[in-house]
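There is one chain below, alone, in structure tokens, taken in the form predicted alone.
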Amino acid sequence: MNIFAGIIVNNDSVQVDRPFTYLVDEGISNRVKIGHRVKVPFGKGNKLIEGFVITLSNFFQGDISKLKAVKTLCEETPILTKEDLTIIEFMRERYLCKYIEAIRVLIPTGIMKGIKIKTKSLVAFSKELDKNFNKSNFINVINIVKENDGIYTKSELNEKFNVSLYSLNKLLDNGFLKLEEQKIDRSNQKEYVEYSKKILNTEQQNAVDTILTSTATQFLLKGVTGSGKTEVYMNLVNEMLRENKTSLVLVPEISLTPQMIERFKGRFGKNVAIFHSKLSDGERFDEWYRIKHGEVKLVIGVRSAIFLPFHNLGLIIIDEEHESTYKSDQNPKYHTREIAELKSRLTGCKVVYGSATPSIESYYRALKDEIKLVSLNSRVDNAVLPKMNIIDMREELKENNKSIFSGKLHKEIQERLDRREQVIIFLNRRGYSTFVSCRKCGYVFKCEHCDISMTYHTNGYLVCHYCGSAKKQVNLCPKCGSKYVKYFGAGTEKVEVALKQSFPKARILRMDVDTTRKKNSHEEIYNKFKNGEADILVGTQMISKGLDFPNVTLVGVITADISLNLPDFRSAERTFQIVTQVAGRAGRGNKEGEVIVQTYSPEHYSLRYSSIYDYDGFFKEELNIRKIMNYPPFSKIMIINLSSQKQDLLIKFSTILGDKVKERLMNENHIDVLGPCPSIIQKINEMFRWQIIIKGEFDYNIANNIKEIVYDQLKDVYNVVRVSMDINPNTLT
């Protein structure tokens, strides 16, 4: 009986975003299964390319003789499960992506590159020598191998014991010795100091009991900074391990993984899988393989870890659930919360969203009883939240203080240094100066490839933080030739320099994208500061959440207005979250903490509420604004981003597409179409950018109708126009 396979080919083209039917060759018909990775002939030249089997059937309506055949399985076991296929279909509908884009997030890139388990061949004893090999050199080799049976490779025996490779090979060829393959584990095998179990307070114990005993499967753990959410997580994980279930703990930033690894491995031992983008392809493959084969029951990772092939999944924890990094900015533009919710429906596992400052959407759902709210209202050991001071930098200017630091912040830093306490300084912008301008003619040094000003770095280069291009800074204006070139704004590099000038004896560390490019750099900086090898830690959002340093008693926020002035409806929410989260780094030990927030908008409601840690007050005011403006959670937003190197063609295409979308939605009174219009940043990396924004109460059927319209219009220009679609994006830029 013939078997027909529906196969998704590994090709990015919109035109092939569908299953292709292949006849399964008789040689593999009894082995092929749904989920197998295969090699198939494709296109006019029948080039062999990768494909994935998503359906199998005994029926085909059409001419069988015209079908091409699939003959090769890439692995003996399927690489995708039935659960994976459900997730793929979900992502294709929810995030408007292509099949192959959804498949790729489920499979480590190393597999596509041909990476396999890494092994080494160890020399082992097989049998005693006979009279033909009864010579001293062979006897010596045999004795050395017996003493070190199956421990060393040939080269290691040669280097360590000066064993002749000729003798080794001769003995191997004649069966007196043998080679045994041993897997090389590329995972993190570092030993950690024991992280002893803590006695839970009443609130923590109630939280654990509620989550474990409730019939609900989704929980929002809302706990003030320092309330011991991590200890709650650990008790939940411990219960899952007792039940032989797997747990996944997600963190929003790679910078948080060293602390989480240290704590969880210190509590549960080294057999914990780690999964994040800083791992090599080989390391990621090994961790994926260990998880797929049920070798580990606890995984710590960033958002991509949600797609790992778990066995008997019992718990997903999403720490700092409000963070924007849980939403992917590349296709498929999935949100980790939604994938976790889907996994909960598929497997019955419990999902815990933890945060001191939950996203507006999550807290709104909790108040509507869609997810169960569990609260931790007090810090552990009744520690007090740090006092927060809002400093009006306009008043500092009136006092002729043009420094980066207000008078109070400068004074408090010095006091902490005198007391040998630690300080965290936060500024969510890297580099030295945010832009460089000519004071004579007003010329701003912009990226040649993007519509954005370049950032000056202390290495003497101007860098575009969008496309990565860099050029040496010149001191003459290219427009008017003036020497009056001035650096404006401040980034973390400038703050670091200013601190060194103001506090020359202070030991300063900086954590941002520029200082954490190397592997393990996050862990090195974290450990240095934790071990007291630095007095001040300067950083971007990497240091604003989760980190726990008991000797930090002062946190300074240099400019709270950066996130406040973004052209985004979430700017107030992000400002409240950032200020509250970074404030929570202070006073986590036995010493009281203090926070100083510098701003030019002290009257803004996000800062007023964050200064007194009033999340509920902020939520009510923000929710009211969202309702008036019809923003999420009261509506959805769909953005269609269009880009091309040919500006005229892009404008024409955007106009035609906009008309088609408006025609489709003309009878939908509850949906607004904004645009088409140029994006806020009109050019990135030589690509001009336009956008169409759809806002309202639309379902995913309408969203997929619009996707079909986009694909249909794209047929004639897909080589020159790029299109990206996103529902409820992080930003509208």
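Please read these numbers as outputs of a predicted model, since none were measured by experiment. The first residue of the shown sequence is 1; numbering continues from there.
Unshown form predicted together with a small molecule; subsequent notes refer to it.
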Find out whether any non-hydrogen atom of Glu421 is located within 4.5 angstroms of the small molecule in the model of the complex, and reply yes or no.
no
Next on the checklist: in the model of the complex, does Asn201 come within 4.5 Å of the small molecule, counting heavy atoms only?
Outcome noted: yes
Is it the case that Leu623, even though its partner is missing from this view, gets within 4.5 Å of the small molecule in the model of the complex, heavy atoms only? no
How about Leu172: is it within 4.5 Å of the small molecule in the model of the complex, going by heavy atoms?
no
Among 142 to 150, 192 to 200, 323 to 331, 269 to 277, the stretch whose residues bring a heavy atom within 4.5 Å of the small molecule in the model of the complex is 192 to 200
The one residue among Glu341, Glu83, Asp548, Glu253 placing a heavy atom within 4.5 Å of the small molecule in the model of the complex is Asp548
The one option of Asn428, Thr455, Gln598, Thr230 with any heavy atom within 4.5 Å of the small molecule in the model of the complex is Thr230
